[in-house]
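The chain below stands alone and is given as structure tokens, in the form predicted on its own.
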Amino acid sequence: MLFAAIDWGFIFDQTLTQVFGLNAAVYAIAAIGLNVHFGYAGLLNFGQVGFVAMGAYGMGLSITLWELHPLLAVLGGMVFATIFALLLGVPTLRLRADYLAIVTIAAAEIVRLMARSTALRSVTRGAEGLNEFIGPFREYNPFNPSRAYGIGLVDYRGSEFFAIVIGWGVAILAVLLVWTLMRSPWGRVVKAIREDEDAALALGKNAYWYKMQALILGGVIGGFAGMVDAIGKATVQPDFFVAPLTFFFWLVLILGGVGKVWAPIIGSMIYWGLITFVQNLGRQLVDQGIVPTSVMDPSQVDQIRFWIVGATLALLMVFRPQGIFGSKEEMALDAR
């Protein structure tokens, strides 16, 4: 048969490894924060990667500069993300939604450029990134770095498994927090402001303050994504926090379903499963000669996977714009 030479076992193993891996957890956490911003508060944030970067650098600098305990360093990452939210929200949240979108995408890029600048090299280590912070965290790793630990059918090295456990633990806690808040009086006010801010103002609600709180909450959750990524990769690299990363978070959010508490987790798992499956299948199709190099060479496989994901998202927006698990009653994307 034509596909008999394909190693399907390897493809599915690699796919499952990414579905439950560190990247899926990081993207899920960032998308949960973005869901608070857009899905519940109606804030058009195009700079979520800036919050991710602030969380990572806040945690890293708390150890490298001030030699804080790892738990206090996590608190430092939260403080950095909160300050970033205040700097963005104070001048923009009283204006139209598109002003926040413009400011956030620019501010996120400013954060990256400042982190890699030579002027701040003594603090952020410039393009080399921060690395010294990881030692104190490794002291709390209960898993043997030289051993493999499994999640179902896939295995991870001990150091990576430690970060994965933290990442998915944070994602679950974030989902539970958002689920609780959105069913509280605070969450109902936030959603009311999203639907009709003038009506909420007429009822005496301070829309500006509620939106600020939502911006801080979603930003801090996004900051945790940066902290988890830093622990897993043992480094904070400024060039990881590029602007397109925010739109991958948006893709994960829309794929799962905007306005659904747990949908970002499913969206992240589907996203990483899809691109990993396509990438590994494409490589084997080329390597086995099933697809001629005149049609696609090995260097083009990585780009093809994003084309397929993009086409899938385009079809999703046409036939189910609320996402796989979203609800048109809960969220109308074209109303924004």
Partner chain sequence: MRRRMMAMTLVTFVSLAVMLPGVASAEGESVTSTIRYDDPESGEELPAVGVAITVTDANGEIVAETATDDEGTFLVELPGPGEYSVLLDPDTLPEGVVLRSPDRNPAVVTVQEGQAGRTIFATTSGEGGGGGGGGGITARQVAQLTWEGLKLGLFIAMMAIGLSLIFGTTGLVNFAHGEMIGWGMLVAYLFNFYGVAGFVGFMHDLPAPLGAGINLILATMIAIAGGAALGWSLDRFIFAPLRRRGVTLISQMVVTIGLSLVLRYLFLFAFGGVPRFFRDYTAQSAVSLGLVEITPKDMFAAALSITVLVGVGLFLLLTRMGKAMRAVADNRDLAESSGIDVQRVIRFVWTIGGALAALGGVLLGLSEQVSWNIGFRTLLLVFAGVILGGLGTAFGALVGSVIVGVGIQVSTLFIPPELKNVGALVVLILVLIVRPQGILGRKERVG
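Throughout, rigid core stands for the largest set of C-alpha atoms superposing within 1.5 Å between the two forms. Residue numbers count along the first chain shown, from 1. Not measured: the values here are computed from a predicted model.
Same protein, other form: the form predicted together with the partner chain, not shown, and the subject of what follows.
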Query raised in the report: Looking in the predicted bound form, any heavy atom of residue 284 within 4.5 Å of the partner chain?
Result: no
Query raised in the report: Counting only non-hydrogen atoms and a 4.5 angstroms cut-off, does residue 313 reach the partner chain in the predicted bound form?
Result: yes
Query raised in the report: Would residue 101 count as touching the partner chain in the predicted bound form under a 4.5 Å heavy atom rule?
Result: yes
Report task. Indicate whether residue 140 is a 4.5 Å heavy atom neighbour of the partner chain in the predicted bound form. Result -> no
Report summary line: Counting only non-hydrogen atoms, the one stretch of 159-167, 233-241, 73-81, 146-154 within 4.5 angstroms of the partner chain in the predicted bound form is 233-241
Requested in this report: Enumerate the residues of 299-314 that have a non-hydrogen atom within 4.5 Å of the partner chain in the predicted bound form, in sequence order, or give none.
Outcome: 299, 300, 302, 303, 305, 306, 307, 309, 310, 311, 313, 314
Query raised in the report: Any chance the CA of residue 313 moves 2 angstroms or more between the shown form and the other one, core superposed?
Result: yes
**Report entry** Core superposition between the shown form and the other one, C-alpha change of residue 270 at least 2 Å
**Finding:** no
